[in-house]
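One protein chain, two forms: both are listed below as structure tokens, the first as structure 1 and the second as structure 2.
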Structure 1
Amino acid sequence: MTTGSTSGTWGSARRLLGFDLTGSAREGANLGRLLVLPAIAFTAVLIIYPLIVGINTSLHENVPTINAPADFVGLENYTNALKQPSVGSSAVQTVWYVLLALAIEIPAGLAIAALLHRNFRGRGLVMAVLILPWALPSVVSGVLWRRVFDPDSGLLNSALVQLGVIGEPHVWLADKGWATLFIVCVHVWGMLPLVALVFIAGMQAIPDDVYAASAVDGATPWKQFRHITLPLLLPSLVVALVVGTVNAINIFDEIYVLNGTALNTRSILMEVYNQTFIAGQFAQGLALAILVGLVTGALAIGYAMLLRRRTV
């Protein structure tokens, strides 16, 4: 088909070149500019500008008072931050949080979705209950679970002693392994609803015909899950991975409530918090925060690329 027109009037030519929008298009463009303006201004002032200030600060010498002039030190803050032993241990700890959280959230989220994606009587109520833990402040999640793990008046200790599993109360949160597990448990309690919602939406997007057709073709439920549900659920899986990972990297509140800033369970964000606000090392803390941000962004992009690779 040939492009363009043979019409030679001035108006048409101007329109073709995009000089002159028709009334409606111009109106739309103007309204659009007006409507996005607050968001743009807001983003520029409260996100992009602070980000630039932050990056700039992280490249300068740390100064005790904020307004004091500081020398440019390049990446020194970054290397210094990485040299701290507590940074290394909290980074490793955070990796554990992420892996454990995903290891629970993904299969459990899938299971919940398999359970709830089809309609049944009372489903609405179950769904409402499902999202409740996600809606609660994570600080409160920590508070609600805290008594379970308390060494003295803890419900877990009490139950285990009564059952004779352990002889005497155990200080769970002092034990790095157990403490990590329990913190993840509390974190997952709050995050699982979101992951499950993502999977439920994904499963509902798969038309029922596909299942009917494959059932006619003789596929067993497992084969259906393996060959139909799972591949079609891949986009949801990536979203769930991104959501789960980003939230686990940023884990803070639950740890703070359950175990304070104790080194054995300290997450990387807590380390940033400590360096910046407890130790007053602004520049170094920012450097570390930016590094965490880069890793988070890289992971998100990595997941997105995983999705592209698999679907092409």
Structure 2
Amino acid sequence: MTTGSTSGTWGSARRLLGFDLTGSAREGANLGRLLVLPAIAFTAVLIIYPLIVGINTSLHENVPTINAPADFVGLENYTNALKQPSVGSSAVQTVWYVLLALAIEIPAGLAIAALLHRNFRGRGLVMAVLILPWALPSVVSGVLWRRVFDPDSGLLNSALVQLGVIGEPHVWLADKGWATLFIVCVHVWGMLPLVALVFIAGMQAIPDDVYAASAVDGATPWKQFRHITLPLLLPSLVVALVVGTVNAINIFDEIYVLNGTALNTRSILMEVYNQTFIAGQFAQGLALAILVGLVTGALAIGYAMLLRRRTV
């Protein structure tokens, strides 16, 4: 039998038996494209189109209404936004929010994950309670915590007065240091469950055989955590850093609910809100928002490049 006849016979047999892989793969690819089309359409309508309109608006002179005729000014709105003194102070304040939030979220998330990644009785209930703060909208969390920090009838003042720590109620959010710390705590309270879940997922992906083999070699739990868990958690650590950094840069609801637009706690996103909606400088506010987006994207790319460098 010749090679050509053999190939033809095998091809006919595949078609008769329903194993025409080429046709199936093509149909699967077409079905995949069809199923992805709605997501692409929603992304284009809700993200890409507004982004294009925003960039175009930021390059034109500020007008009182959107899409009204305006002169092209290039990067003038960007330079004007950066020249505002409040932008510099809000950027510094945002850096503090990011550093403090990450300094609490990463170690605390690792500690919680180390406690919860093993199965034990009641673990499901503990996990459900852990997720609750993250499930609550940030506005709701801010309202709840505002009752705690209220200078007249807040739980914090009442407890400290009863314990004799302070002699009279204190206006905590009027002091920049205390206000920054408390806002960070409220933000971390909502973000910590997500960070902990990221680390729990990373720990559960590590094979138990690795720990068993190291225990045979005499490794203590601390050495296992330091030399096995932490190195293998590097991808999860990068994810947690990206999530924590992006959310800390975009902190808004907690600040607005707890302390309004006060300059002592104003973040860069609140400065965008002030320039856009309070001052009515839509083009300048959009320019500042685009700059914040570029910085956030650059940080995320930097984390990804760091992960790639450490794993290659």
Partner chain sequence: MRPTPAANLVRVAGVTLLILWSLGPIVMGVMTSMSTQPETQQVPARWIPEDPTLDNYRALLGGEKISSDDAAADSSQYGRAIVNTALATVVTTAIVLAISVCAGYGFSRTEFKGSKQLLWIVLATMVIPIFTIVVALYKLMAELQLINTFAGLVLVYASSTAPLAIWLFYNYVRDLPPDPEEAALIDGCTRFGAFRRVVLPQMRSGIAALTAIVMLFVWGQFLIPLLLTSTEETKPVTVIITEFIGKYTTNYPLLTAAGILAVIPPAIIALVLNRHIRGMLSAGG
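Small disclaimer: the values here were computed from a predicted structure and weren't measured. Numbering for residues begins at 1 and runs along the sequence of structure 1. What we label the rigid core is the largest C-alpha set whose atoms superpose within 1.5 Å from one form to the other.
- Of the two forms shown, the one predicted alone is structure 2, not structure 1.
- Once both forms are fitted on their rigid core, the CA atom of L34 lies 2 Å or more apart between structure 1 and structure 2.
- Relative to the superposed core, P169 has its Cα moved 2.5 Å between structure 1 and structure 2.
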